[in-house]
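First, one chain by itself in structure tokens, the form predicted alone.
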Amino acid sequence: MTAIRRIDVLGLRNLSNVQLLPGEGVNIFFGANGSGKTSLLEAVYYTGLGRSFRSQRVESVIQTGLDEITVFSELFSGATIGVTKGRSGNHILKLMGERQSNWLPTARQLPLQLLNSDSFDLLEGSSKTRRKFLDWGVFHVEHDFSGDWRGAAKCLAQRNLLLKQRTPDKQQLEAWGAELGSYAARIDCSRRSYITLFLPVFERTLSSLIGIPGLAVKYFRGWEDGAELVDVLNASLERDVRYGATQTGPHRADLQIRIGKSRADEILSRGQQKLVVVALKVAQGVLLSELTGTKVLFLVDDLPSELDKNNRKRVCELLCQLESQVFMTCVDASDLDDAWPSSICPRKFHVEHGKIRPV
């Protein structure tokens, strides 16, 4: 089962020495702002992805006076994941006690979906955010995708290095462009296959939360349809040299979320946007479960913010239907008292000054 049975956290922000036994279902962490609620979600995020969702600098995550953070998790499946990150750059990741060279096996072992204030970037942010969202789903259902993605990234880096030279070698540019085109075709095929499966699930999920007539999600692959990328790269070589970077390709893919001809975030209220984002994230969890039987662990930071009582209830009922483990934070636990189906009894934890105790 994709759920955490036990998590130990040492030295992450104000979480000095936390030992936690969460429930398999819904877990609510409540307390004043700055008490450590979001830091706990951050610790879980470290377990699955080896990085923070709040800061790119590990130094800002490590508690003052300490040299490193350590997070250890045991899953209900019996798998164990341990990660240590230090100020000096000494990073250690272990899965089932064996040291890992990258995060791919861990990410597959513990698929995570985060819902917080930054999730609005799916609608109002850059294409990079939506591309990462799309590739999360493709990664978990297409096991060859990560290899194709790394291959394309290598070709792109080499081609961009050549483009920055005073006199780029045209023959090498064509060679790297051809190889990039080969990887790009496979990446595009994987992304299209995933989107074809994802969109009906998203539409069904969104309709259970809110009706938004005319909302449409369209996939753009990063270069014009009907054309081979290698031909596009050769035709746009002069422009790429001028910019010193490749302007077309799978790294420019996007999910265009629109209502009519306008971007959805330009029309929807903040509350409506949050429901659309919830539907996008939950739909990925639903699809992953349908295709592989794997459950997604949901990290939900401050759900009551910007959602009224009725919409909070809709979201909570939707999360319960997934039968996934949920870590949810709020300031006042009573804001969520009436949000759950009668069959659900969330496990509650009070968080204060970095200490977490079950209620």
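In this text, residue numbers run from 1 along the sequence as written. Just so it is clear, the structure is predicted and the values come from calculations on it, not from any experiment.
A second form of this protein, the form predicted together with a small molecule, is not displayed here; the remarks below concern that form.
Novice: State the residue from L49, L307, V61, L322 whose non-hydrogen atoms include one within 4.5 Å of the small molecule in the predicted bound form.
Specialist: Only one listed residue qualifies here, and that residue is V61.
Novice: Is it the case that T70, K85 and S88 all touch the small molecule in the predicted bound form, with a non-hydrogen atom of each within 4.5 angstroms?
Specialist: No: no residue has a heavy atom within 4.5 Å of the partner.
Novice: Evaluate T38 for contact with the small molecule in the predicted bound form, applying a 4.5 angstroms cut-off between non-hydrogen atoms, and reply yes or no.
Specialist: It does: once the small molecule is placed as it appears in the predicted bound form, T38 has a heavy atom within 4.5 Å of it.
Novice: Would N33 count as a contact of the small molecule in the predicted bound form, using a 4.5 angstroms cut-off between non-hydrogen atoms?
Specialist: Yes, contact at 4.5 Å.
Novice: So in the predicted bound form, is the small molecule close enough to L291 to count as touching (4.5 Å, heavy atoms)?
Specialist: Flag for L291 set to no.
Novice: Do R54 and the small molecule come within 4.5 Å of each other in the predicted bound form, heavy atoms counted?
Specialist: Yes, R54 sits close enough to the small molecule in the predicted bound form that at least one of its heavy atoms falls within 4.5 Å.
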